[in-house]
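What follows is a single chain, given as structure tokens, in the form predicted on its own.
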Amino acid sequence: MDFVLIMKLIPIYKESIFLTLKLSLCAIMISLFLGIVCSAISYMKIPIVSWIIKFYVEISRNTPLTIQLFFLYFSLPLFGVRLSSFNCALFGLSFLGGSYMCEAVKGGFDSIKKTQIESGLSIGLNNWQLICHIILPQAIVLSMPLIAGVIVFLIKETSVAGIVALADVMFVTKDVIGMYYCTNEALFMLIVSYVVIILPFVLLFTFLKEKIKYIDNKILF
């Protein structure tokens, strides 16, 4: 293991770590938004729209991210739509993450007691008010372990983004191996990079899990 070379590689990996982290955070936020909206619509069983969401979830979850990125990067230009490498990776990850977030949050929706829903309806709340004020806040917390798993999954999936020429951590690792023929050092830096990116999220979710307690479906911090 050449530690002198590793020190030389740190500035290169530093840039790729920031790019990977930026891509991950943007994809997580969009995926969470899509997941919440899709799960709320599915819960309300809105005609036609619910079937569209179900179709989207099945297509997204049952096709590889690689194929989705290839379609966005190579097929869309045939229709006059050109995306940058970053936007292509962001849309692909968000498309995939939204479906997983939808299923995760939907589990929280299904865990809400019917007595709370009936109580909300009895005081005159409509469906959207019921979701916004009673169901969604609890569903998010109840789904937190699943949401945390999806977030870590999305961060790991950024390793595929290099196929659209995005200089993420994996892409840089392949370049470094090709230039310096230092497989061990490059793979070591790759592992360290993903630990640096993922570990703070894992620690955060572990902290939240310890702080959140459930007593009769009420959330105490």
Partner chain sequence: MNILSIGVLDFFVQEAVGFKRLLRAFCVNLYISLVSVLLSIFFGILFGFIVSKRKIFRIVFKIFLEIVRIIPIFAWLFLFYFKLSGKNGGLSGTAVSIIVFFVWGTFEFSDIILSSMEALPKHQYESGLAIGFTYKQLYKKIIMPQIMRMVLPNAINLIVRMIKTTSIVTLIGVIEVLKVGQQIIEYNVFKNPKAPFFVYGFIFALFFVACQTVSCFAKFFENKFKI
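This structure is a prediction, so every number in the text was calculated from the model and none was measured. Positions refer to the first chain, counted from 1.
What comes next is about the form predicted in complex with the partner chain, which is not displayed.
F70 is the sole member of Y180, F33, F70, W51 with a non-hydrogen atom lying within 4.5 angstroms of the partner chain in the predicted bound form. When you look in the predicted bound form, the only residue of M29, V37, L187, I46 with a non-hydrogen atom within 4.5 Å of the partner chain is L187. The partner chain in the predicted bound form is not approached by V81, whose heavy atoms all lie more than 4.5 angstroms from it. In the predicted bound form, the partner chain stays beyond 4.5 Å of every heavy atom belonging to N87. Using a 4.5 Å cutoff between non-hydrogen atoms, V195 counts as a contact of the partner chain in the predicted bound form. At the 4.5 Å threshold, heavy atoms of I41 stay clear of the partner chain in the predicted bound form, well away from it.
Residues from 141-164 that approach the partner chain in the predicted bound form with a non-hydrogen atom closer than or equal to 4.5 Å are K156, S159, V160, I163, in the order they occur in the chain.
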